[in-house]
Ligand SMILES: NC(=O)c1ccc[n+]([C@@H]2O[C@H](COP(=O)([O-])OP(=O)(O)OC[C@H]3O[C@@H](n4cnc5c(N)ncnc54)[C@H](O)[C@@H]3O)[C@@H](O)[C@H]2O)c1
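This document opens with one chain alone, in structure tokens, the form predicted on its own.
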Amino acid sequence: MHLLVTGGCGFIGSNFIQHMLAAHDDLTIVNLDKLTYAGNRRNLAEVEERHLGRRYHFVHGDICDQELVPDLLARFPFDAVLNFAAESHVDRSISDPFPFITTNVVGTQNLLEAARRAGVPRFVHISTDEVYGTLGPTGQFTEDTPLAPNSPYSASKASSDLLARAYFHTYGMPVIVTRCSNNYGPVQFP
């Protein structure tokens, strides 16, 4: 099995890669990462030491690159694309929303289109519960809760979620969107 993981040097992506390579001997992962402030190749130092060039490949690049992404999808018979790549952190999005729109919306669309054209059988888009808005002192969100983003970050993630949904409905592309809540653990960006 071959997986393209985007943003795999970040906190959640690097934990995913470590887990998957340890759990599946028949797996090859290509990690496409721009190495921004939160992406750190040292998060996968052990993986690189054990698997680089065999079961693990690192590509330094941007999901917005309209030449790199299709070329990469043509080089491997990917069984799935898992999009962890994202600009995140609400405060940063308030200071400068442009990178959030670029990466989270345009980058996701570029990945979706390239995966569709390459015939990738599964696309998993990692989102956030922040697309639902603000929860009061009580209550809960469900998958049926309407989207109500309140920051440029959450609006950009809601936009990318809707693009993924559109590719599912328009093209019949097998897309899964996950909306995890707060995550904590090793190699989390401070």
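A quick note: this is a predicted structure, and the numbers were derived from the prediction, not measured. Start at 1 with the first residue shown and count on from there.
From this point on, the text means the form predicted in complex with the ligand, which you will not see here.
For the three residues 61, 84 and 88, a heavy atom within 4.5 Å of the ligand turns up in the model of the complex in every case.
A heavy atom within 4.5 Å of the ligand in the model of the complex is found for exactly one of 127, 28, 151, 159: 127.
Proximity to the ligand in the model of the complex, defined as a heavy atom within 4.5 Å, holds among 173, 177, 20, 12 only for 12. Within 4.5 Å of any heavy atom of the ligand in the model of the complex lies no heavy atom of residue 93. Contact check for residue 36: a heavy atom falls within 4.5 Å of the ligand in the model of the complex. None of the heavy atoms of residue 163 is located within 4.5 Å of the ligand in the model of the complex.
In the model of the complex, the ligand sits within 4.5 Å of a heavy atom belonging to residue 32. Scanning 172 to 186 for heavy atoms within 4.5 Å of the ligand in the model of the complex gives 180, 181, 182, 183 in sequence order.
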